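Listed next as structure tokens is one chain, alone, in the form predicted on its own.
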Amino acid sequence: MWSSDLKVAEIIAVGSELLLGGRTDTNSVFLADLLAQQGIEVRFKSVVGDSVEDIGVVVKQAACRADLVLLTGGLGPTVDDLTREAVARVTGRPLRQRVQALRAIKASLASRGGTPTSFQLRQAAIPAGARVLPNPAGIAPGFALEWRGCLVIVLPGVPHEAKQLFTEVVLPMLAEKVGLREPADRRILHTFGLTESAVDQRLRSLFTQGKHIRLGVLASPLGVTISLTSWGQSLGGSGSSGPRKAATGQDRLVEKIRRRLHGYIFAEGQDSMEEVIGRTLTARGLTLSLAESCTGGLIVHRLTQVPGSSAYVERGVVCYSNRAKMELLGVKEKDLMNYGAVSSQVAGAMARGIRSRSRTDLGLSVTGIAGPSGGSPQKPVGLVYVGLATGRGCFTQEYRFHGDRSFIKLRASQGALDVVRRWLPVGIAKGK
């Protein structure tokens, strides 16, 4: 029997394509988050190719150091789907065709107007003694078994299938079989405008405070994220002061972080920059129009991903060429000739032009050099200008980003939105 108190988990992603650059493992990201919400800490993660021997090795290693071992992938009907065989071999549980799994596969295919092939029927072969986990979003069932004092759970590799099976089937099973601990208490703060090293320098003295709290710093094109995580006690246990103490310590740390990173924190929790801006624009009754060059519509796309964005996004124009800038925004040819398309002067003209033509409260523009070519010593790749036109005037912001083309475009979109965020509190106070 595995431990009745699941504390440590390991996630194993199966698939040679994850090692050859064909795909990125996204399952471990949401699984780790879902497990943390249940008070189970993921301390190890492995990626292994489609080899019975290799899968067996990582499963054996994981069983020695984790209470819960989660595998994703390798449950399909093709010849390289070998997770069932690997788990059966390493645990000494021979594969047996299970009636429950067979019926579920046939029913799932019948609902789509299909009949199972002999290869698809292979998915009904589950290690002896394992519990079949029905797949509510696909064909391949998962399974769970006890081995060497740990719980081994195998899920499909298709992300939406793995997530739905885990949330709808596995979590209720865990709640039924063991007493899940209190969820991890996690606080997340998102910043933009500082490098990872700059954030580290400002917060370094806080890292040793509150040893029961784990502090993490993660950089991405969208900024630097700071996380504070503490682990609760077992539900129903006698020690209830631990979580309260951790929460109090986190509150103090968050306040210190806010003071040290004042102005750079744009959101907390799961909020994105576009959600924060959208809520503020909606609350203030302001409208926004956009003129994008190097970002190619990315900013408009991000803003309109937020439900209700039609209340504040009036229009967006992609004006990639100089002719488009002149025809659509009224940018003067002499400014393009004298200063260049990538300049603060042209960014300002673009912002004023889109605001005037759209008759919106705000006009936002971005122009830059995304690379990999097109740069010069005077204007290198990564140079970006953002313009923001308001009823009280227009100002511009210069950025110098590094990275490949996609990184620079994403970073530029975040920088442009950050310009709006920073203006909103001051601009609103003074009026439109």
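In case it trips you up, residue 1 is the first one in the sequence shown, and so on. Predicted, not measured: the structure shown is a model, and the values here were computed from it.
This next part talks about the form predicted together with a further copy of the same chain, which is not shown.
- Distance criterion of 4.5 Å from any heavy atom to a further copy of the same chain in the predicted complex singles out S309 from the list T191, Q250, S309, S343.
- Among S321, S272, T280, Q97, the residue placing a heavy atom within 4.5 Å of a further copy of the same chain in the predicted complex is S321.
- Figure note: of the listed segments 344-352, 126-134, 311-319, 84-92, the one touching a further copy of the same chain in the predicted complex, with heavy atoms no more than 4.5 Å away, is 311-319.
- Relative to a further copy of the same chain in the predicted complex, residues T24, P77 and T229 are all within 4.5 Å by at least one heavy atom.
- Using a 4.5 Å cutoff between non-hydrogen atoms, H301 counts as a contact of a further copy of the same chain in the predicted complex.
- The shortest heavy atom separation between E168 and a further copy of the same chain in the predicted complex exceeds 4.5 Å.
- Contact annotation: I369 falls outside 4.5 Å of a further copy of the same chain in the predicted complex, judged by heavy atom distances.
- Within 4.5 Å of any heavy atom of a further copy of the same chain in the predicted complex lies no heavy atom of E176.
- Heavy atoms closer than or equal to 4.5 Å to a further copy of the same chain in the predicted complex belong, across 356-372, to the residues R357, S358, R359, P372, ordered by sequence position.
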